[in-house]
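This document starts with one chain, in the form predicted on its own, laid out as structure tokens.
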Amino acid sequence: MNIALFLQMAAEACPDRVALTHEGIHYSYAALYEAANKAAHRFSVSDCEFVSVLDVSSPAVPISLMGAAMAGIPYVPLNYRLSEQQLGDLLDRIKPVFLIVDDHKAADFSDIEGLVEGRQTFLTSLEMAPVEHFSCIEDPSAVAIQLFTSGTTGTPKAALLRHEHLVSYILGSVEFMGAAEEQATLVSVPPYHIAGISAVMSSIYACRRIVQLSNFQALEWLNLCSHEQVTNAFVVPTMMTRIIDEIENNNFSADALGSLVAIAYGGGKMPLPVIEHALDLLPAVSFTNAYGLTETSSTVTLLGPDDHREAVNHDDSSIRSRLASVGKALPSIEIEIRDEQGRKLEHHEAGEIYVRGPQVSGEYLERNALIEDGWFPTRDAGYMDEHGYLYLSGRADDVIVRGGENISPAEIEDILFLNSGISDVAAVAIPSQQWGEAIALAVVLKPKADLTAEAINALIRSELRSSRVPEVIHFVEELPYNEAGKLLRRVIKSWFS
């Protein structure tokens, strides 16, 4: 099955239903499918081997995604926030390419191998082109999407997602036409991130209207939710924090979010006080924590609304702690926790997370990362409890090894997040002559908070052990995150060098 069939099915089942809203302009499912057909024809006669969008969210994103799939050409969205040198390096790896960019930047890429068109030029050309009935190329094993990793530890790897992986994820987690006509999902995550891509595909298959927000601003997000009567949304933790701040600071009334029924979040660790506060501020909204990776075609575990509501005020600490988890594996997904020797660990033993299932690609252009029997080592660290709930503790590479003792940054951060004066915090490893590695903290205080390094050390010492007390603490205005909500620990480490 080809992922473009999701759009074809939606167009045949509900052609007049609104599929997409962008800056007040609406596209029906029939119109979106027609545009994707025209795009497929253009891509197929261009002699290009890749289709790429280097731009913010716009109608060009779903049209190019589905048009490239129809034409059997890999779709490669690029991060428009990268430097000129970084973009040049990536474009050299996907040539010849049909590249769609902001109209004002088209001239900047005139020397690349392939074709370059501005976004509006591209969309206008499709409107004026004759109707095309493109025969979708069927090859489940063909590469549908190529996503470059963030490259935080070196040259970005090119993760390959084949049609069979993406189809498996959508069919296993979304009901066809499962959305009512009045439902709308607000997509504000970047279009080059797997969360943004999966939001487009799942919404199309459910026949839910997609409302695009090109650049996230908390107040604009809230206003758009109200104006477009948004029912569903996906945010990363930093977005959630800023949304809550806008409501708390009386810049926006939560009463205006009457249409909003569900918020999913993921992409990074959600501080426990933030989600507790969100549940309190928005009692009518159902929250879902979704954990997944690019290499797994998006979500592999879910902590659902019932789990959130049961955990938040439960008397049993073991159940209340589930609010800090990422939930249980999807029905088609298997998860194991393994030690450094690859041995499977027992419940509550921390190690590296391994996943397996039909949606798991684990494949890069450079190599296949799957090991025996199709298991994929995620490089994420965590543990599972006896009920199957998965708890993350960061990247496996983030573990601090102090005097031979492994220390998870999360155990320190989770304690500090409970302090009412701390807005954000990160623990990282720094070199130590005595211990090999020591702990450093970067702390963001809330406005008017009066909290000293000595008080923070005393709190850690009282709740944990003296080995968890940091060697140095820096107070900063904010912590660095990428657009997908991932904490950039490498940047924080550089502050202490």
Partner chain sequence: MELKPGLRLRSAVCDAEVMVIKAAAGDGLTCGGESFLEQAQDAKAAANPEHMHGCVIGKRYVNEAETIELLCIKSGEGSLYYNSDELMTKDTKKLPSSD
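Numbering follows the first chain given and starts at 1. Given the structure is predicted, the values throughout are model-derived calculations rather than measurements.
One more form of this protein exists, namely the form predicted in complex with the partner chain; it is left out here, but the text below deals with it.
Heavy atoms, 4.5 Å, the partner chain in the predicted bound form: which of 191 to 199, 76 to 84, 117 to 125, 91 to 99 makes the cut? Say which one. Checking each option against the 4.5 Å cut-off leaves 191 to 199.
Only one of I415, A264, A350, A159 has a non-hydrogen atom within 4.5 angstroms of the partner chain in the predicted bound form; which is it? Partner contact (heavy atom, 4.5 Å) among the options: A264.
Tell me, which of P273, G172, G421, G374 has a heavy atom within 4.5 angstroms of the partner chain in the predicted bound form? The residue from P273, G172, G421, G374 that makes the contact is G172.
Answer yes if any heavy atom of V476 is within 4.5 Å of a heavy atom of the partner chain in the predicted bound form; otherwise answer no. Although the partner chain is absent here, V476 would stay clear of it in the predicted bound form, with no heavy atoms inside 4.5 Å.
Please determine whether E12 contacts the partner chain in the predicted bound form, using a 4.5 Å cut-off between heavy atoms. The answer is yes: E12 has a heavy atom within 4.5 Å of the partner chain.
When the contact criterion is heavy atoms within 4.5 Å, does P305 count as touching the partner chain in the predicted bound form? The answer is yes: P305 has a heavy atom within 4.5 Å of the partner chain.
Using a 4.5 angstroms cut-off on non-hydrogen atoms, would T288 count as touching the partner chain in the predicted bound form? Answer yes; at least one heavy atom of T288 falls within 4.5 Å of the partner chain in the predicted bound form.
Are G24, S58 and T241 jointly within 4.5 Å of the partner chain in the predicted bound form, each by at least one heavy atom? Heavy-atom distance to the partner chain in the predicted bound form: none of the three under 4.5 Å.
Residues within 4.5 Å of the partner chain in the predicted bound form, restricted to 221 to 235 and counted by heavy atom: Those in contact are N232, F234.
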